[in-house]
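Here we start with a single chain on its own, the form predicted on its own, put down as structure tokens.
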Amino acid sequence: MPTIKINGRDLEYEPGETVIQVAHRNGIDVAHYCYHPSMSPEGNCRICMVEVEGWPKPVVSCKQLCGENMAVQTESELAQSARAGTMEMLLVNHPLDCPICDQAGECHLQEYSYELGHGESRSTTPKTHLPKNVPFGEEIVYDAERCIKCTLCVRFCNEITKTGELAMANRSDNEQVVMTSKGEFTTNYSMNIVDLCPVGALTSRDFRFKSRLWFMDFTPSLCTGCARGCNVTIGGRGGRFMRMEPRENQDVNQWWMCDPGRLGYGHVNSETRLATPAVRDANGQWQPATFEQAIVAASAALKDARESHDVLLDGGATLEELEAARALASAMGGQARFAAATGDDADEFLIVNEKGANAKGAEMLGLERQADAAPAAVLVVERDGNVPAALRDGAGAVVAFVTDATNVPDSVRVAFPYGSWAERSGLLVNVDGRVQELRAARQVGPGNLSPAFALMEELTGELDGNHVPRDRGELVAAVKNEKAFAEVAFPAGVAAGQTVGAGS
């Protein structure tokens, strides 16, 4: 393969690759605003300029094709001076409103201004004022004064979704982004432009003014809005789910996620969350209990159960929970089943009709899908959509693991708090059969929740004296020993008989 020298390093490249592509692939940082690997290069922000030895002027690295024996310097005096000049131009009309901007703390303009900018402006003319707080659809707000005209949002609508809702209008310092679709997006992926925006020009109405980033805690995890299993980053603060953004995984969701998945976290912050175990007294009133007291009461209730010995689980239950539920059902002389919603909104991009985030995993473990009401002694319910009221009430369950207290049927005698998908760690199998790791987000939901799989293992031990409760690693090992998982790759760190690590 041909080679190019970047900062003294000889690096291989494919014909047709640009300088910035080769640099980034090899861990060499090159500043950029308008460049994104999924879209055509525009070269309009000019911040990615580098020096090519022997050439009289710096070049834009996102458009400059690599050449055999080309020597490039990304941090030379010429390159630094070119980027500093670009920064000064970009800041001429940019408002100094970092203290009230949602992008503060993750703004590339802010970062590069500290690195490359001047301490004061040399401009003597008033800044150009443009429209602010412009609604772009129902979920996005546009501030034309902050916009640096990188066109990432426009190219996303033209090249990724191919729906064309945005365009550039006007010229010079009056140039701005406008909507071409009468103020509405026709795509379910519009909020990705908020992630793409390198400054605070595009902000999410859902997250706008909610929290400063440095007060939040971030956890890499998965979206469970459907069975695609998009890789995401969850932001939480003070027990509340604040926002979710896509995390790159080229095998699953590339750089993107859908708007319904991004905004489908309302139940996590519900005011009616069940936060502690509860047991019905002799008068039918709920009384708070410790987990130990609830285990004793639940085992007694299950021993008295007459109509059913089955377990009905939410289609988003993890592999560990499904395996523990199978053992619990077996100890009662029954079987485990699952329920999951389906839709008709699948597209050719990310959204799939299967809404049970782990329906594939449940089927691989041999669990049957339940669509109509049937008796079950134990319920495991996170999303109302997966296990609707008809299935919950028709089960006649005596023990329930629920996320929301309003989802506890009248028949239940013991209720355990069940963490939402944002508060549980475990393995899910997406619609393509890929095993991925769900991670509990810090600073989200009620604290001190015991994992459902651990509680089910304790219950099984109470019902079957020969059963030794298994930890998470042992549950994963049991799943891996199933025939359906014999050739399935598990995330790094998940080893048979060992505690599950961070995964990937």
Partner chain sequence: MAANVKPVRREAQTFKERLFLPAIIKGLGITFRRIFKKKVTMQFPEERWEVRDEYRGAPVLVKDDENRPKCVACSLCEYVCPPKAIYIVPDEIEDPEHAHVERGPAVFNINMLRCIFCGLCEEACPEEAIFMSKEYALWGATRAELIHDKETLYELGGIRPDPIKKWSNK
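Numbering follows the first chain given and starts at 1. What you see is a predicted model; the values in this text were computed from it and never measured.
Quick note: we don't show the form predicted in complex with the partner chain, though the next part is all about it.
Only one listed stretch (271-279, 174-182, 336-344, 129-137) carries heavy atoms within 4.5 Å of the partner chain in the predicted bound form, and that stretch is 129-137.
Under a 4.5 angstroms non-hydrogen atom cutoff, the partner chain in the predicted bound form lacks A390 among its neighbouring residues. Although the partner is absent here, W286 sits far enough away that none of its heavy atoms falls within 4.5 Å of the partner chain in the predicted bound form. At the 4.5 Å threshold, heavy atoms of G85 stay clear of the partner chain in the predicted bound form, well away from it. At a distance threshold of 4.5 angstroms between non-hydrogen atoms, D206 is out of contact with the partner chain in the predicted bound form. Residues G16, R155 and M168 are none of them found to lie within 4.5 Å of the partner chain in the predicted bound form, as judged by heavy atom distances. Screening D259, D102, D404, E245 for any heavy atom within 4.5 Å of the partner chain in the predicted bound form leaves a single hit, D102. Put simply, of F291, F218, F349, F215 only one has a heavy atom within 4.5 Å of the partner chain in the predicted bound form, and it is F215.
Taking the partner chain as it sits in the predicted bound form, the stretch 226-245 comes within 4.5 angstroms of it through a non-hydrogen atom at just one residue, R237.
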